[in-house]
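Single chain ahead, written as structure tokens, the form predicted on its own.
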């Protein structure tokens, strides 16, 4: 008996995410592929105490079903946290999601039909491409660093524009203030939704933080925010990823549509995790641990940069990021296919991410993403030595 076929979009998936998430099962493998925080930064004792008190003090909210939009107190806390003199937010602007990935999935559900157009900052976040793949969208690539980039032209006709302005995944680039203002203006002019995905916004190692596009969009508005920016945030990089707590900040009409989509996805985000998140905000825990996180990750960024300069300068070009979790390195020799390099690197005991999975069209095979937050400096150095050997081996096979 022949069973019905699986959905067509499954044939378009990639196996790279599965490869680097399973890399931890090989103790000999140095995983420099994923955007993974170091477990050493997790405040285990404080979070354990928060969890215990959350269940004992709020049994109904932690163990029962909760509001689809999220706990009102947590939504109020986030509205207060992100409000500025230029930006007025209320709980009507906030939806709690089960991690940042659910936020991306919900955006696809409420804005995409098959063949819809997305204007995407490219290289683009792999998770976003995966989230929207079932809708079979079309992509208009946006190279924000291109001096000829014209946001209004790029946005025109798109269902939404997608950008990661703070230390983009995968490139680690920081989008400048002028470009941020230009994209906000283009969203207002064209009517296109502007999705600002910001999982790394707290991880500035050099310089002062730039204003969010959400904040820039609020300038000149009166009353509750009703602009075109859809802002995505998460606790995964500031606290711990296992909570799966994220949020969307947007105009109330967008929040209402996303809430309807969430009802059919998971009904509600974990009440226990929401209560822990609320206690982390109210106690100031997230702010207290941030300096130590920045110090640790800054030193690892510098260690990776030094190792790359020592071992990879002959083969790759890169820029040192001022924040985030990643280096983006591009092969000097066009013969270096980084899809093939991934397989060779695994044989040499190191895992990196090839650029093809960040290209909506799958054509870029000349760059790699390297993470520096998970591993200690000496392990980063060893990983880069292994990668250099893998590059040599890959190039030797092309001769």
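Not measured: the values here are computed from a predicted model. Numbering follows the first chain given and starts at 1.
Below, we turn to the form predicted together with another copy of the chain, even though it does not appear here.
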Original post:
Out of 122, 215, 275, 192, which one falls within 4.5 Å of another copy of the chain in the model of the complex, going by heavy atoms?
Top reply: 192
**OP:** Just give me the single entry in 158, 78, 316, 303 that has a non-hydrogen atom within 4.5 angstroms of another copy of the chain in the model of the complex.
**Re:** 158
Subject >> 4.5 Å heavy atom contact, residue 287 to another copy of the chain in the model of the complex >> reply: no
**OP:** Please run the contact check for residue 37 against another copy of the chain in the model of the complex: heavy atoms, 4.5 angstroms, yes or no?
**Re:** yes
**OP:** May I ask you to state whether residue 236 is within 4.5 Å of another copy of the chain in the model of the complex, using heavy atom distances?
**Re:** yes
**OP:** Give a yes or no for residue 198: in the model of the complex, does one of its heavy atoms lie within 4.5 Å of a heavy atom belonging to another copy of the chain?
**Re:** no
**OP:** Select, from the options 98-106, 305-313, 289-297, 172-180, the stretch whose residues sit within 4.5 angstroms of another copy of the chain in the model of the complex by heavy atom distance.
**Re:** 98-106
Original post:
Within 4.5 Å of another copy of the chain in the model of the complex, do 144, 357 and 363 each have at least one heavy atom?
Top reply: no
Original post:
Even though the chain is shown alone, can you say which residues of 215-244 have a heavy atom within 4.5 Å of another copy of the chain in the model of the complex?
Top reply: 226, 227, 228, 236, 237, 240, 241, 242, 243, 244
